[in-house]
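Only one chain is included here, represented as structure tokens and corresponding to the form predicted on its own.
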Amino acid sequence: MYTLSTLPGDDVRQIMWRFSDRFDLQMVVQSARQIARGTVATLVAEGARHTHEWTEHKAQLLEAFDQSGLTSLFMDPHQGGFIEGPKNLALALVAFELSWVDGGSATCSLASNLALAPIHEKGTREQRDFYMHRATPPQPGEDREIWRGAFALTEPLPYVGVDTGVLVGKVRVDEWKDGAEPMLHVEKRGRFITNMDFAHFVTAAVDSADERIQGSCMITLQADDPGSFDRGAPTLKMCHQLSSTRDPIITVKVPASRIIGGYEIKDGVIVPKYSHSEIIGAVFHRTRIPVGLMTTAKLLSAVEPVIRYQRSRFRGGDASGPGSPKFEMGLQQKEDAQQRLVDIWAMGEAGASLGFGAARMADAFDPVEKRKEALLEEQGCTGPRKQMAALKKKQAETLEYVDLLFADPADKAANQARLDELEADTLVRFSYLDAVLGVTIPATKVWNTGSGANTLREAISLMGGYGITEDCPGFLMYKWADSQLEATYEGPEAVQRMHLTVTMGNPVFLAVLGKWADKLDASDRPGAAALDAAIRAWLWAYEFLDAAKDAEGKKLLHRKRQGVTFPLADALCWLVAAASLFDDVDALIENGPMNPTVAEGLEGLVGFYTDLAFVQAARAAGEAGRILAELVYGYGAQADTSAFAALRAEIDANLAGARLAKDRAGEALTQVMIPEALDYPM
């Protein structure tokens, strides 16, 4: 029986989430943590969440972000930032640290970055340098105000939500003199727009209401533009009160050069270089990761307060005295209390592994995507359809790349020259990364927030009646309420499932998923065999459903059959998250011995994480197996399903020992040492 001496610290997280060699990211984590445990926690404890208005009290957050460097995190060094290159992992770590205490503060931190993201991804060089520079704190010798931004996509439709295909915001030509730049009139009514109390500019999605402007675009609107910049009424939301959210009404006159990405004139018509949907696609591709990790941070942050509550539950009463088991262990004498907390911890770890894995891959993807854009533009492939056709021609080589990438060491060494050649091919590398991220990013968003919110309810219930009081340690009740909104930010759950409906059938991703199953099959780690069988069952079900028809002869696997595709996507998310946790535990086993701090208690850590991974694999295999069985058998399809039945039986048989793993992990929770008190106020 191993011993888990302390809760995992920074050294363990840096190894598992692969930034132990990034001193800059470690400093970012410390800065964000200091704000979270200091300014943010104090604001929450003092009742700043109890109003919808943006107050001077809440505005302390902005000052803290500026002073700590978080305001500049999104920018490159020449724009006033301090990290060169992609920053997906950095932003994910900041969101995680802030959300450990309060999700609204993380939203407040990320909102300006979201406003800048359309300019960063698709803006002209002049647009990027103009806005990025102004959004950083002034440098020595400068005397200027820091610009904040807001992102206005959501329309004032009934209720609140995102439908990127419906744009009520309109743009038309206001004035167009010969030889002069066109002046545009923009009307935009936003709903649920973050940062509106203090935004200096808004990046807004608008549609043409003028035959002299083609299609839709995104455009920047500034508070000092001629016209009306009404910030609107505060949104009366029930969560994330540490962020500013209003419903603005903007009617302004702006030059056409504000169109993000620029434009050209064709036959007297203004043609934006990018439609609003092209820009939003590029932006949301990445920004969903931090939001998914916000809910995950709450889950992991619940572990320590729940342990403290469980152990001290009976102290102070007449029924137990110091030294008695009831006094020392409290509720942790009960197996159920221990093991339900193990489930919460395992869910949190799997979500973190999935999200930070996606963030790391997104960092690798960013430069490849830029090289792809430049290459295809040189080849004249500028439109989405032409680019898709060019990439499809690379599919066979990409599948060959996947084979070599996941080959055993001997085969890889024998084919290293070919592997290097394929890896150097920009389109092959892009196709591989795009296929994996096309699944892992929406999976992070929909699974971490959706299943995470459900699991947070479990965490609150473990605190008894204390959990639903304002003085519940760790602000768990607030975190649960906030998680409901995180399932909506950056696209609600249905949007993510629609995304997965398209991407999970990518042949490259299906090949990669098969390789993940092979890797698990080759592993001797407890639980790996169950997860391997579950992934193979998913792959079998996908192929089966793709060919099957229902009793009325209608195709089952079709994007309009959401009763089939959405559950299939949900099952995949469980499996991908569990596989990600196995990958991170592998990293701990491989690299832990090289860190003196971690090496000291590595045996206990590895034993505990191995059991957590088994617990999560069993849960994921069970959830996926149930969903897949409903889909395969549920439509009464007439076909041979014996192979599927055999895989389901294999899953069940490979769960042998899963409950023993949970017993061990639960026992470890009764022994782990925790601090005397939380490091942030109640």
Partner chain sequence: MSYHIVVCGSIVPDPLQTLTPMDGPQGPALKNEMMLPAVLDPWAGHALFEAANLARKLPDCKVWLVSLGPKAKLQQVMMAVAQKAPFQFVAVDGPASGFTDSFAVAESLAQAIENIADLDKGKLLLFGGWQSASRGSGSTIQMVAERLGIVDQFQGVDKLTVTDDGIEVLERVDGGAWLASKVEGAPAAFGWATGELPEPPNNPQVGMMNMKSIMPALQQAKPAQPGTGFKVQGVSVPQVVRETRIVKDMPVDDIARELVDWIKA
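Residue numbers count along the first chain shown, from 1. In this text, all values refer to a predicted model and were calculated from it rather than measured experimentally.
As for the form predicted together with its partner chain, it is not shown, yet the points below apply to it.
In the model of the complex, Gln30 approaches its partner chain with a heavy atom inside 4.5 Å.
Although the partner is absent here, Asp546 lies well away from its partner chain in the model of the complex, with no heavy atom inside 4.5 Å. Although the partner is absent here, Asn654 is not a contact residue: none of its heavy atoms lies within 4.5 angstroms of its partner chain in the model of the complex. In the model of the complex, Ala45 approaches its partner chain with a heavy atom inside 4.5 Å. With its partner chain left out of view, the stretch that reaches within 4.5 Å of it through heavy atoms in the model of the complex is, among 510-518, 266-274, 80-88, 188-196, 80-88. Of the candidates Glu600, Asp403, Asp420, Asp583, Glu600 is the one whose heavy atoms come within 4.5 Å of its partner chain in the model of the complex; the others do not. Interface residues of 566-588, taken as those with a heavy atom within 4.5 Å of its partner chain in the model of the complex (partner not displayed), are absent.
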